[in-house]
Ligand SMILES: C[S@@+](CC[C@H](N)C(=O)[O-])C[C@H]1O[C@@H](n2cnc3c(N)ncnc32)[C@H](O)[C@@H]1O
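Only one chain comes next, encoded as structure tokens, the form predicted alone.
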Amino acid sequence: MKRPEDPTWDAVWRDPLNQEDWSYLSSVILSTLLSLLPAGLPRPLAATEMGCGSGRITLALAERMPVTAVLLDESRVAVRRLAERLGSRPVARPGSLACVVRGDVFRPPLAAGAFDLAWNAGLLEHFGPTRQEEALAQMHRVLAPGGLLVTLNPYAGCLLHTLGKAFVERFVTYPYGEETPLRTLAPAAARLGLSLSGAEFSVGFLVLFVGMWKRLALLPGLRWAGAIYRLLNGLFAAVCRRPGPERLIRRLDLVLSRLFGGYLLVTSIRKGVSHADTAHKSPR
């Protein structure tokens, strides 16, 4: 039986506040993703973003290194906009190629073992524990041996985000659907027989002071807050395009996130290489 479609995310991607070409949050996610990629992964990198939304972070990754990317999302609006973007502005770096596919993370039309990187951000918090495990299992399934799974989701230890979201929900319906911040995904991974590739950590403490204006713009009579968000977002995003300031801000953000809890919990899992895979790759 076909599952009824959820109109929530079509509405999200129609909102002009969610259609910016780049954001400070995107800079934080991209720098985090780059910091986790081990040197041993092949180039070009076969990557899939499962629940890609605008897809801008994977496209930015493809401007940093050769990437063949499959961008997957269930929203018709997100897929249509991304297909138009790919048609009008191809990925810039030689050796990079991207395509967009409509589908969800629970039943992705993707081949097993096809990717070196499977990742998403802001997805798993919208589902309960059972569905989170299903998503992790599918992300792991599509990875090649030695591939990396990365997922970033709102962190339950971030008090500022929790209080801010609760404040907004007193006045309006939260437009991003049901959302339960995560404390950890380690138990879910363990139940699937998977091991985290490193300790989970949080990022994005400074993002909260930019993003709060975007949340305030949801409230009646405060649409003007969106202008402040766009100003701050553009300022931080521009600063993060410069390597020196970007490194300084990233270090400061990591320290503050460790002390007070950042916006996003970062979880990574490296798919093991079996003896059969090792034997197959070794010279005869």
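In this text, residue numbers run from 1 along the sequence as written. Just so you know, these numbers come straight off a predicted model, no measurement behind them.
Just so you know, the form predicted in complex with the named molecule exists too; it's not on screen, but the next bit is about it.
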{"item": "Proximity to the named molecule in the predicted bound form (heavy atom, within 4.5 Å), stretch among 138 to 146, 96 to 104, 163 to 171, 198 to 206", "value": "96 to 104"}
{"item": "Contact residue in the predicted bound form, from 70, 62, 52, 33 (heavy atom within 4.5 Å of the named molecule)", "value": "52"}
{"item": "In the predicted bound form, the residue from 123, 110, 86, 212 that sits within 4.5 Å of the named molecule by heavy atoms", "value": "123"}
{"item": "Residue 153, heavy atom within 4.5 angstroms of the named molecule in the predicted bound form", "value": "no"}
{"item": "Exercise: residue 74 in contact with the named molecule in the predicted bound form, heavy atom 4.5 Å", "value": "yes"}
{"item": "Residue 57, heavy atom within 4.5 angstroms of the named molecule in the predicted bound form", "value": "yes"}
{"item": "Those residues of 124 to 148 which, in the predicted bound form, come within 4.5 Å of the named molecule by heavy atom", "value": "127"}
